[in-house]
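What follows is a single chain, given as structure tokens, in the form predicted alone.
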Amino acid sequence: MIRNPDSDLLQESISLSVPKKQGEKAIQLLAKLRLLNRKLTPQALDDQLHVPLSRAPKPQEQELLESVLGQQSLLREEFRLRSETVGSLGKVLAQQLPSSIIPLVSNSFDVIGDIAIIELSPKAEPFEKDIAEALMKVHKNVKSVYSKAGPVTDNRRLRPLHHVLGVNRTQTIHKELGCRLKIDIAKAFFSPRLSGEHGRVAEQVRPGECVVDMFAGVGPFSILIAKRLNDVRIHAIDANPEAAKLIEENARMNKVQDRIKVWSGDARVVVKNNLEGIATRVIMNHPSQAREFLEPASEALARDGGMIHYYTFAEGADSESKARKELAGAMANSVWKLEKIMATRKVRGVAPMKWQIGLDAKIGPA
């Protein structure tokens, strides 16, 4: 066991050792996987950063960590406890809200760059400023708080937002897996909860591939793939012209603009007019509408077929089975055939017993 030279306020934990230059990327990924132990302080030893974990990674998580960070070491060692001058969000809320309201406030909120987005129940809405103040007090990096003001309503996947507290701006820079992404939460779709999925798909892409990203948003799949590989060609499509502009900005900011071609328009039209028969892989991250785009997605593939990363919503204990049946049913009358579903997984929860499901599918000519 590695011993911390200080002996006070120490706690033993399993830890991940990575080169210092990968420290920021490692901490971001561990946080997304909920593996980061936030009660303990990471420590630097020689040229390595040792990051405390909340638990040992599962095999699938270990594979993702190695795919993004390379080989690392798991250790057991002692870390200094973080000073708790502020306390948890729940503790701060307990000082400001009626006890009957606290159970209605979800600790699940999104932080995009330095902007937080909260979702409140109708009974908690009158206390939104108190909740935002508590959140900014606990999370010092947050400069603006917005609340969700309604459901996603159009094919641009935008949700109405209400400014609650802090700087009244919707643009920010978000860091994810070594990439910097300019995001405007009022103009283009982005979900920080998909970080692990971005990394998992990017790791599957091999040199020489041509990827069509049909619903690219601000480009997190496309940018990460291009950042990993020099020898790759990516066509990033989005129906929202504001999203297309942000993809171009993000490609330049990450110095991968030579590998990404950005298209603004309906993915069906863009594929039909420009991209038929060129792709080895198609990404379809639009869970509510992907089924309607399966035929053009297949047509984008090379004549001998390729991989499709298909996303949908499904609910119930058999949600993954339902998603597989949906994909198989959608392909039943196609001139293409579903050769094999390589993987199925729950990507994120979107409601009680309802998930976004991801499927990796091998598609070939019928």
Ligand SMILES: C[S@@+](CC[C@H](N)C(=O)[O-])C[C@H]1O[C@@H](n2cnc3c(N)ncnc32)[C@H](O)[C@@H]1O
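For every residue, the number given is its place in the sequence shown, counted from 1. What you see is a predicted model, and the numbers here were worked out from it, not measured in a lab.
Missing here is the form predicted in complex with the ligand; even so, the following discussion is about that form.
- Exactly one listed residue, out of 286, 245, 200, 182, brings a non-hydrogen atom to within 4.5 Å of the ligand in the predicted bound form: 286.
- A single residue from the set 189, 109, 127, 79 has any heavy atom within 4.5 angstroms of the ligand in the predicted bound form; that residue is 189.
- Residue contact with the ligand in the predicted bound form: residue 277 places no heavy atom within 4.5 Å of it.
- In the predicted bound form, the ligand stays beyond 4.5 Å of every heavy atom belonging to residue 212.
- Taking non-hydrogen atoms only, residue 159 never approaches the ligand to within 4.5 angstroms in the predicted bound form.
- Although the partner is absent here, residue 267 sits close enough that one of its heavy atoms falls within 4.5 Å of the ligand in the predicted bound form.
- From the list 116-124, 165-173, 142-150, 215-223, the contact stretch for the ligand in the predicted bound form under a 4.5 Å heavy atom rule is 215-223.
- Annotation for 298-315: no interface residues with the ligand in the predicted bound form [heavy atom within 4.5 Å].
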